[in-house]
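The chain that follows stands alone, in the form predicted on its own, written as structure tokens.
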Amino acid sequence: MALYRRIPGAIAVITLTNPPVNALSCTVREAIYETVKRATADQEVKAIVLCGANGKFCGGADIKEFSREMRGPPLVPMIDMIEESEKPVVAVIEGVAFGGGLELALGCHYRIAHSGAQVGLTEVTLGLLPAAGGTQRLPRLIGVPAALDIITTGRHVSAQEAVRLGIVDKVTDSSAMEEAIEFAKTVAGEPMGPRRLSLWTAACPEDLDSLLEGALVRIRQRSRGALAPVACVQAVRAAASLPFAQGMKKEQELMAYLFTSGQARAMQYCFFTQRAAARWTTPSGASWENTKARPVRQAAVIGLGTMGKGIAVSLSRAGIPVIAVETEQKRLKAGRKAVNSMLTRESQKRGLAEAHLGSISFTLDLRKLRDTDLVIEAVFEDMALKKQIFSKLSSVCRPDALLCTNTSGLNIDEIASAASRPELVVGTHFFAPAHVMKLLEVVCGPRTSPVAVATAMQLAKRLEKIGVVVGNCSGFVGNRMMRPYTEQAYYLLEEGARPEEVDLVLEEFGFAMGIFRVMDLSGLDVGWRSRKELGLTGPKLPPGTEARSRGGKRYSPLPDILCESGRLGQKTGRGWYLYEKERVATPDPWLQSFLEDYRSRFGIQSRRVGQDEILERCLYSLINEGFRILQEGIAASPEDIDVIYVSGYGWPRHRGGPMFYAWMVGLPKVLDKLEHYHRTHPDIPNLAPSSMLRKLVARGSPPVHQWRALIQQHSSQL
């Protein structure tokens, strides 16, 4: 609702009250409409101040209303009514003014902001555009180039930048409310025509067409097929070239197109699933609601390699004191130097004072960890080494200390078996670089206690990461699903495709980088080391094993051969691509010749592989593994899988995540294609459709949110 009161000085104060962010629900819109009418009709009122309760102006539209028929007064005529008022309306921007909240403020005649406030037109992150005049008023207020940047990215703008750009009229460190009331008194009685943005003309550079075309090129490269950013450019073009009324009409047409697109639905699905992932549950019924996390006042990180350094920085950035442990003085010295350098860059980038960072001490002595609340082991992926460390930690740390292992796929139960308190052992799978990537897989086994999971999930939130609870299996959720995806990519090369062809298809789908470019970036030796550990190649491989078969299943030795020849990716200048200048991936003629020789050696008839086959075999094999994960109870829901892939593996948000995408494509189609490819390649078992997929198709392909009911709870590994 919106509360109305009149205060001395002939000022009407309208306060939006819809916790937590005063979203513009039907009820709130109705209340704004009525209170503004009341204020404009009241002859005693000379000016109006519009604010939000609890230190927040307005977080924008109520997204839950997007999925049902809109009720109540529309936002556009309500904002027009405010702008048309002959009495000055002053917006008090505290906390946030995002999306429709900023559009509401732009309809006001003046804007006063607190120094800690943020503004932004965030609709593009939901697959939409600002459709309450945002694309038309903002360019008229601050010019086309600045508005284009804000609208197409959806980024948050600080109060300081907002006043510099001209979005707000004044910023104050003290009470924005008091400042706005006093300001309203000074402008009462002045003509409002000059303050109505709909009457302004957008400031355009002389090379407007060139500016907009350049923006489109950059956006298409960055957004990889997302419709909303492109539509935003078209709307801003209308603001620059058409009268306000015609620009609004264009804005509405573009919004109608986006609103009914599958992309908007997918991105809104991502918005809600990311928040739902925090509401984890275990088969016993324990959850975030009734399990109290333990406080983490001091943490430790063991190992200062690539992952350990990033984890230490993440903890420090969250204000948690850290003890960093290494085994050798040389490594400790190098780790200290690297961590301190990273922290300096972090504090400069974020504008943080040292006081906002947790202290980090460095040591070779594990005994220094006796008072820590939580320890994160981040050494190499070596089971024997990890078990040795956990055995030592059991004798050094407090009995209630949480012991975490940063592993990308090793057995958590086996690691926990080396600890005296296995119920306090939990996997914390960070993603590289750990201080940048948002995803954290929280891995638990049958013995992991709910309090351990709760503490790890609370830590994820404190580190500003997205924690997702998963069960224990090889590769957990994310990396397990990646295996059939990468295997299919290898097989496609064997059959006639080139790395750049496969990558182009995946990038056009929406991935920032195709699979072969990703492998070159991370280093081909990473997967090679893992395959050697599993006995798929290297000294553990039994003599006489066929080159292209492992355990009766198809196997591609292509990546092993590349590694054996020293082609490890960007780090060596050669991998699936050639890197001669500034790490730019260039198709390598040597590789094409190598693939031809390889096919000839093994009697493989080369053929042209179509784009549809590339996309379907890579994505549907990944999705199929996701169904198996659901069937086994490794993930609690398809939404959790989608959060993992969007947050940690670069799955395009406008596709919603692999499980949502499968539903959008049509589960019968996915089933039919998998059956076709499995018939064609019977030696690739992961192409055989999972029984969960078959069950869903038999049930009429229900929406994603209904799948959880079909998951067999008794088989859950969570």
Ligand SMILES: CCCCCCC[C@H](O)CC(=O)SCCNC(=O)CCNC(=O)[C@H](O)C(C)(C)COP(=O)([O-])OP(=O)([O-])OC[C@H]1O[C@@H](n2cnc3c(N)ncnc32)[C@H](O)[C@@H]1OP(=O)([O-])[O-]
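For every residue, the number given is its place in the sequence shown, counted from 1. Bear in mind that the values here come from a model prediction, so they are computed numbers and not experimental data.
The same protein also exists as the form predicted together with the ligand; that form is not shown, yet it is the one meant from here on.
K.L.:
Does residue 679 make contact with the ligand in the predicted bound form, using a 4.5 Å heavy atom cut-off?
P.N.:
The answer is no: residue 679 has no heavy atom within 4.5 Å of the ligand.
K.L.:
Although the partner isn't part of this model, could you tell me whether residue 122 comes within 4.5 Å of the ligand in the predicted bound form, counting any heavy atom of the residue?
P.N.:
Yes - in the predicted bound form, heavy atoms of residue 122 and the ligand come within 4.5 Å of each other.
K.L.:
Even though the partner isn't displayed, in the predicted bound form is residue 275 close enough to the ligand, meaning a heavy atom within 4.5 Å?
P.N.:
Result yes; residue 275 sits at the interface with the ligand in the predicted bound form.
K.L.:
Quick one: does residue 402 come within 4.5 Å of the ligand in the predicted bound form, counting heavy atoms only?
P.N.:
Output for residue 402 is no: heavy atoms all beyond 4.5 Å of the ligand.
K.L.:
Quick one: from 255, 563, 226, 412, grab the residue that has a heavy atom within 4.5 Å of the ligand in the predicted bound form.
P.N.:
Among 255, 563, 226, 412, a heavy atom within 4.5 Å of the ligand in the predicted bound form occurs only for 255.
K.L.:
If you check 456, 113, 623, 131 against the ligand in the predicted bound form, which one has a heavy atom within 4.5 Å?
P.N.:
Flagged contact: 131.
K.L.:
Which one, 660 to 668, 57 to 65, 686 to 694, 41 to 49, holds residues whose non-hydrogen atoms are within 4.5 Å of the ligand in the predicted bound form?
P.N.:
Heavy atoms within 4.5 Å of the ligand in the predicted bound form occur in 57 to 65.
K.L.:
Along 91 to 117, which positions have a non-hydrogen atom within 4.5 Å of the ligand in the predicted bound form?
P.N.:
Going through 91 to 117 in order - heavy atoms within 4.5 Å of the ligand in the predicted bound form - the hits are 96, 98, 99, 100, 103.
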